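Shown next as structure tokens: one chain only, the form predicted on its own.
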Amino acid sequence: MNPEMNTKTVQEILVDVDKCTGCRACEMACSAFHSNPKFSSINPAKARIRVVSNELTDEYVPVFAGNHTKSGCDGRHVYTIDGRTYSECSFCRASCPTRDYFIEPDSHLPLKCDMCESTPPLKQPWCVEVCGEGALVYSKREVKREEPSAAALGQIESGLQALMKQHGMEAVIARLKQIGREK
């Protein structure tokens, strides 16, 4: 088996909360990039990053939009890191009904960070590009793929059988080969 087939590229934005000054340039850049057409407006309520802040204690935590959840959590734990206190919500990436973070204000649809996907691809997401304090750092790394579980293999098999029934084995194999060449 090809060794590169055993790894996948993970893109992430690393956050150093000690460097964040709460300037919110990341929010502005994100909302401008995702406006339609691109860069036509700035509306931080449409950003896929939010700087959760407590100005009284000078605490700023950049948080990226993650998956949508239909219900809010009931845990309200408090964490102390390097002498600073953060609520559990400060680190939560979910769009949920208990707060308005990461819900698009016009459509009320959940938002999720897409690392500023574009064609051609950007060197790094816009929020990282505009962060003058270095609180946001773009990272790309290779990680070993997890072996699929028996249940996942069963789902793959069922999906392939359905595709072969609908399109024929030759078409499915040809498309898989094409996808393999694109990677």
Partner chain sequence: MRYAETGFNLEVDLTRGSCERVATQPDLAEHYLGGQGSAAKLLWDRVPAGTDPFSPDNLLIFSTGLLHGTPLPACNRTVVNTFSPQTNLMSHSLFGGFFGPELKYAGYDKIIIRGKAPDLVYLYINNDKVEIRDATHLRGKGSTETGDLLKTELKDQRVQVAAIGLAGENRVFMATIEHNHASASRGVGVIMGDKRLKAIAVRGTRAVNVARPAELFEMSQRIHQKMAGSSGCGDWMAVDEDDSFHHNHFAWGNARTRRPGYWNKELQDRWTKLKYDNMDRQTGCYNCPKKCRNVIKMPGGPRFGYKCFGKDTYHMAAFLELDFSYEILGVAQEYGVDSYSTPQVIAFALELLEAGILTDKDFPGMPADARGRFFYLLEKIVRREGIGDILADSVSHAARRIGNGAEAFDHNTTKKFEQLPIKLGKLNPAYFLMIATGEKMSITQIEGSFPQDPLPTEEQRQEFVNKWEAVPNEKFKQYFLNWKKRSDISDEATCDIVDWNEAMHYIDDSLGFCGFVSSFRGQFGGDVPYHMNNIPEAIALATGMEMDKPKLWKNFQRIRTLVRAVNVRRGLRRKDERPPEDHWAVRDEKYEQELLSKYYAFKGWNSDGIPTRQTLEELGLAYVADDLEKSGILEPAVEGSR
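Small disclaimer: the values here were computed from a predicted structure and weren't measured. Numbering follows the first chain given and starts at 1.
There is also a form predicted together with the partner chain; it is not shown, and the following applies to it.
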{"item": "Partner proximity in the predicted complex: Ala45 to the partner chain, non-hydrogen atom cutoff 4.5 Å", "value": "yes"}
{"item": "4.5 Å heavy atom contact, Ala29 to the partner chain in the predicted complex", "value": "yes"}
{"item": "Any non-hydrogen atom of Leu122 within 4.5 angstroms of the partner chain in the predicted complex", "value": "no"}
{"item": "Distance check, Gln11 to the partner chain in the predicted complex, heavy atom within 4.5 Å", "value": "no"}
{"item": "Which of 114-122, 154-162, 45-53, 137-145 lines the interface with the partner chain in the predicted complex (heavy atom within 4.5 Å)", "value": "45-53"}
{"item": "Neighbours of the partner chain in the predicted complex among 99-119 [non-hydrogen atom within 4.5 angstroms]", "value": "Asp100, Tyr101, Pro105"}
